[in-house]
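Here you get one chain, nothing else, as structure tokens; it is the form predicted on its own.
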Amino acid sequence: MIYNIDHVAIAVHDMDEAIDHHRRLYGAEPMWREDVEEQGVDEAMIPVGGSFVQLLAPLADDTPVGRFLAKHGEGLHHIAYAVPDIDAALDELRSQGARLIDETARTGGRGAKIAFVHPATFAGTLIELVELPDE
């Protein structure tokens, strides 16, 4: 079902500052940046090897990432696994008793289909499934 780690997401208060931090310390530049209104985030994807570090800044305090920052502060938000067929992956997880945040896939950044698995399913870690669009 899983064929790669697509990205590791880090929640930040200030996107410009976080990008500058990565630029200065690691020489890393975002491959793209976009507002994903549906999720209430400003998202930047920084390539690292065959995966990405995703920086997430909330567009408002009452968004999921805004609430996360208020409760936990900056830091690791989730790990995203690339899957070839998100609908099949959700069906398999459902059959195994996983607690799903998203019963069906929705559109995320990069035009990908995404769905989240509740942290209670495994070790308190929020997992995102990502099916990238055919290119």
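Don't overthink the numbering: it's just position in the shown sequence, from 1. Quantities reported herein were computed from a predicted structural model and do not represent experimental measurements.
Quick note: we don't show the form predicted in complex with a further copy of the same chain, though the next part is all about it.
Going by heavy atoms within 4.5 Å, which of 30-38, 59-67, 91-99, 105-113 lines up against a further copy of the same chain in the model of the complex? Flagged stretch: 91-99.
Just to confirm, Glu74 within 4.5 Å of a further copy of the same chain in the model of the complex by heavy atoms? Yes, Glu74 lies within 4.5 Å of a further copy of the same chain in the model of the complex.
Using heavy atoms and a 4.5 Å limit, would one call Leu132 a contact residue for a further copy of the same chain in the model of the complex? Heavy-atom contact with a further copy of the same chain at 4.5 Å: absent for Leu132.
Applying a 4.5 Å heavy atom distance criterion, does Met45 contact a further copy of the same chain in the model of the complex? Flag for Met45 set to no.
For Leu55, is any heavy atom within 4.5 Å of a further copy of the same chain in the model of the complex, or not? Although a further copy of the same chain is absent here, Leu55 would touch it in the model of the complex, with heavy atoms inside 4.5 Å.
Can you tell me which bits of 98-124 touch a further copy of the same chain in the model of the complex, meaning any heavy atom within 4.5 Å? Result: Ala98, Val117, Thr121, Phe122, Ala123, Gly124.
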